[in-house]
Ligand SMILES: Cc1cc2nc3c(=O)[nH]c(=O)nc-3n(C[C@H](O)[C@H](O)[C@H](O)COP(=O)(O)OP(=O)(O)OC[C@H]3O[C@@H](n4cnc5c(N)ncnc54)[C@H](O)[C@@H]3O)c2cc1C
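The chain below stands alone and is given in structure tokens; this is the form predicted alone.
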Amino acid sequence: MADQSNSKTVAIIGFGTAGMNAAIALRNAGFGGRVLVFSDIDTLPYSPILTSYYAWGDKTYEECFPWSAEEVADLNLDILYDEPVEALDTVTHAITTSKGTYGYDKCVIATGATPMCWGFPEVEGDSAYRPLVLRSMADAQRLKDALERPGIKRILVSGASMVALKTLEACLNHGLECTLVGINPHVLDFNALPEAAIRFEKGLREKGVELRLGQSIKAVKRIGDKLEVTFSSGDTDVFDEISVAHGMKSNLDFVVEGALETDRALIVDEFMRTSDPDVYAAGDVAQATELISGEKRIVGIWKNAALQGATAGAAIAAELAGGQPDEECAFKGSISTNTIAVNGTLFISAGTMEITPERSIEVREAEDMTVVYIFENREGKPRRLVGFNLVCDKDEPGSVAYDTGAMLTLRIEAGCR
């Protein structure tokens, strides 16, 4: 059968790492047809994990962009910058934006996620106030501008996730007085067990951070150029700015309800196909296999987005060439991994933090490090490591802490094979 793929169009909706890696994989696999990219921004793809470093000055603006203009140009893409998709019609294979309607043969949805401010009250006396958030380069620029504003001294960070803690670090590095409020009893939300979180919290307090854990923001009132916050405890305090990290929402508003199988995001197979064989998904909009549970889950990390995008691109190229995707290119699944350091206090985790009757915890303490192991003990099967937390009082690249984290992560991955 002759290869007719050069007459085909592949649409990529979203131009982050998942979309970029899909495009790279398409070209590397020999696809010579049109690659039509829809981007909701007017810049090259950037790295969300570097935005906090830009906000506090450790990275330049240019350093947040992994690919150069020349590298993108070499892929021969038709990129529609600043043209977000408004509707995807999977029946007619049509994509609609404010500027027109475009057809496709295969489509990759890679639109990422948006930070949400769920639970943040309207500010009395300033209904237009928007708290700071952190995800995009625009968010990072807004945070940077706020932190560098003359006279700013005190900031409140609401949330206790990785994003909240990186925002907190940016604030600390600007010399601000920082308070962190979170509804859970410990920081790191669902990524850490209490035994590890407590040590991390100790590091934060030593850096001058006031922790208001197990609390939420009840009300906010504008008083001049200040924001008076009332907490659920009944206490009040005054801040110059508020940053909110209350979770992320997959960007799927343009997908017609019921058109694709959806849970929290789009359900995909090992080649990132959705329930429509001509539509693929990758990154924060995709629920692929999580290896420990065996369930379809969002594992929102940079590496996953890159691998999933590459898998989708390679699979599409094979199918449009009249063949089948290579099993070696399949996305076999993933485990959740996290590494974060806040002003010298290091946290590394991998695997699950879900404690069941079949799982047990072991805590091992050293002078400068706590490691929490989560073992699974199933009848008739050898005990296996399914998760761990590591907190170290020192953040030193190449240290025992990093080596231990890498070794334990590999151990968990090996146990999933």
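Numbers follow the displayed sequence, beginning with 1. Quick caveat: nothing in here was measured; it's all calculated off a predicted structure.
There is also a form predicted together with the named molecule; it is not shown, and the following applies to it.
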| property | result |
| --- | --- |
| Triplet Ile41, Thr111 and Ala282 all within 4.5 Å of the named molecule in the model of the complex via a heavy atom | yes |
| In the model of the complex, Gly125 touching the named molecule (heavy atom, 4.5 Å) | no |
| 4.5 angstroms heavy atom contact with the named molecule in the model of the complex for Val10 | no |
| Contact of Leu75 with the named molecule in the model of the complex (heavy atom, 4.5 Å) | no |
| Close approach of Lys144 to the named molecule in the model of the complex, 4.5 Å, heavy atom | no |
| Partner-facing stretch of 44-52, 357-365, 376-384, 22-30, counted where any non-hydrogen atom is within 4.5 angstroms of the named molecule in the model of the complex | 44-52 |
| Heavy atom within 4.5 Å of the named molecule in the model of the complex - the one residue of Val209, Val342, Leu320, Ile301 that qualifies | Ile301 |
| Partner-contacting position among Val181, Val85, Val220, Leu193 - heavy atom within 4.5 Å of the named molecule in the model of the complex | Val85 |
